[in-house]
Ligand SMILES: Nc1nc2c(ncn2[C@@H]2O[C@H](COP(=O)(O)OP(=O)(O)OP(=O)(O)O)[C@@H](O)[C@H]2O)c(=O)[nH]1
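First, one chain by itself in structure tokens, the form predicted alone.
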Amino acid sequence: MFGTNPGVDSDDTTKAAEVFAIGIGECGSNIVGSYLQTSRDNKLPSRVRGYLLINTDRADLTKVRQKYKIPKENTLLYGASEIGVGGRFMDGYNAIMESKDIIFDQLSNLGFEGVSGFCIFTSLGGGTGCGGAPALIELLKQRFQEEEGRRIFVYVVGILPFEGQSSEALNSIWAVSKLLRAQLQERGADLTILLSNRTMLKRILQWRKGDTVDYLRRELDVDIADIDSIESMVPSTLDEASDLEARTEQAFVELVNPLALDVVEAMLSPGVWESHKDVFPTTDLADYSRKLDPVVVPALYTDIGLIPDAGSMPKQLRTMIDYAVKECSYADVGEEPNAESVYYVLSGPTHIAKAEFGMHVKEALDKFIAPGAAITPCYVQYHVPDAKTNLLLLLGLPKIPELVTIINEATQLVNLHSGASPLKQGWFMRSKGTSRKELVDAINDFRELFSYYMTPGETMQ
């Protein structure tokens, strides 16, 4: 069973610290599946008790199961149709509500009772995950908090779409506004962690240049260093173009997906018991949501080369923070994110991960946070000489420049299909499963929630 640690009895305390992972739709399922495929011993993070991959599309679910060798009992097909919802997020929402009993039966069979929380992985641009995630959270909160009177924590890891996908941008606006409004009413996710496909792809291309070239050469059958080879990729027919685009996007997705679960693993790791490790202050799943603003962008900087005897530690720590924010954030927060809260986990050998450096870390963070922003530290000390130094930064409610692009794309799409023509008016129900009014309300709500991006008084009609 996931969540066991060698040498530690699986007592009630250990069980209470475990979480359950759910991947919704093709994107969410691929994240968990690709992580399992690339992780050691084919295991999830040690505090994740189990996982379930759910989808409304039988073909996609079968493909994921076969590709990542997922046991059938860890997957679930639900909904009235077996061919997916095709971007109609409202159908994705309703499908979860209508499938409540079979979903909870499957979760029960996998031993989800007694966990302290759930991590939900989903695309914020598709239909199944975009619509299904808010509905699933609503059902989980109802089941545990309203019916059983037990507090649970739900974290959503939501993937923002690539640039230029206006239909997915509109879905993202609806999903994020739905998630945050439910959260304000204490019936939604406790933390919404935003990751960006375009930013994560850029990061992975920078960090793993050699590995990436090899991977793309293998998947696309092209040497990207060979001009003649690249020119030979130019498609001669529409079918070839479509196939090449699909293969290219899938190759990039395979590079990006494991990063999403790396963040959750880093968040859970302070609570994993190890004989050679000290953690202070004690950090658990609930602490992140209690200390941070509702929307978070993570930055994960691994294998940092801090050397106390090699010069000024304040300067080294400042360089570490600068690099983490600018080069390791999972959504681009720009040069001045003005985060309204920060939670950081500094882990490493005892001579580096220590509270004495806290004042220098705070000074380094000052340029990236809003005046008065709260900073919560956690230090993980390893009593082994070869321990790696890692930094997890969680930026609460930072400015995310690409959200401006997303809302502009969504607004343009709504305007394009607005007018007196019945054909235009029918597009919203046909493509999204809902009315124009609900989408306009979502855009205006999004502008209100993220008011620092918008011109005062700017609303849609």
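Start at 1 and count along the sequence shown; that's the residue number. Source: prediction; values computed, not measured.
There is another form of the same protein, the form predicted together with the named molecule; it is not shown, and what comes next is about it.
Please determine whether each residue of G127, N197 and N257 possesses a non-hydrogen atom within 4.5 angstroms of the named molecule in the model of the complex.
Every residue of the candidate spot has a heavy atom within 4.5 Å of the named molecule in the model of the complex.
Where does the named molecule sit in the model of the complex: which of 426-434, 398-406, 48-56, 412-420, heavy atoms within 4.5 Å?
That would be 48-56.
Quick one: from M267, C119, V296, I159, grab the residue that has a heavy atom within 4.5 Å of the named molecule in the model of the complex.
Partner contact (heavy atom, 4.5 Å) among the options: I159.
Tell me, out of G86, P314, G114, G334, which residue has a non-hydrogen atom within 4.5 angstroms of the named molecule in the model of the complex.
Looking at G86, P314, G114, G334 one by one, just G86 meets the 4.5 Å heavy-atom criterion.
Considering non-hydrogen atoms and a 4.5 Å limit, does the named molecule approach Q165 in the model of the complex?
It does: once the named molecule is placed as it appears in the model of the complex, Q165 has a heavy atom within 4.5 Å of it.
Using a 4.5 angstroms cut-off on non-hydrogen atoms, would L393 count as touching the named molecule in the model of the complex?
No - in the model of the complex, heavy atoms of L393 and the named molecule never come within 4.5 Å of each other.
Heavy atom to heavy atom, is L61 within 4.5 Å of the named molecule in the model of the complex?
Answer no; every heavy atom of L61 is more than 4.5 Å from the named molecule in the model of the complex.
Quick one: is G23 in contact with the named molecule in the model of the complex, heavy atoms, 4.5 Å cut-off?
Heavy-atom contact with the named molecule at 4.5 Å: absent for G23.
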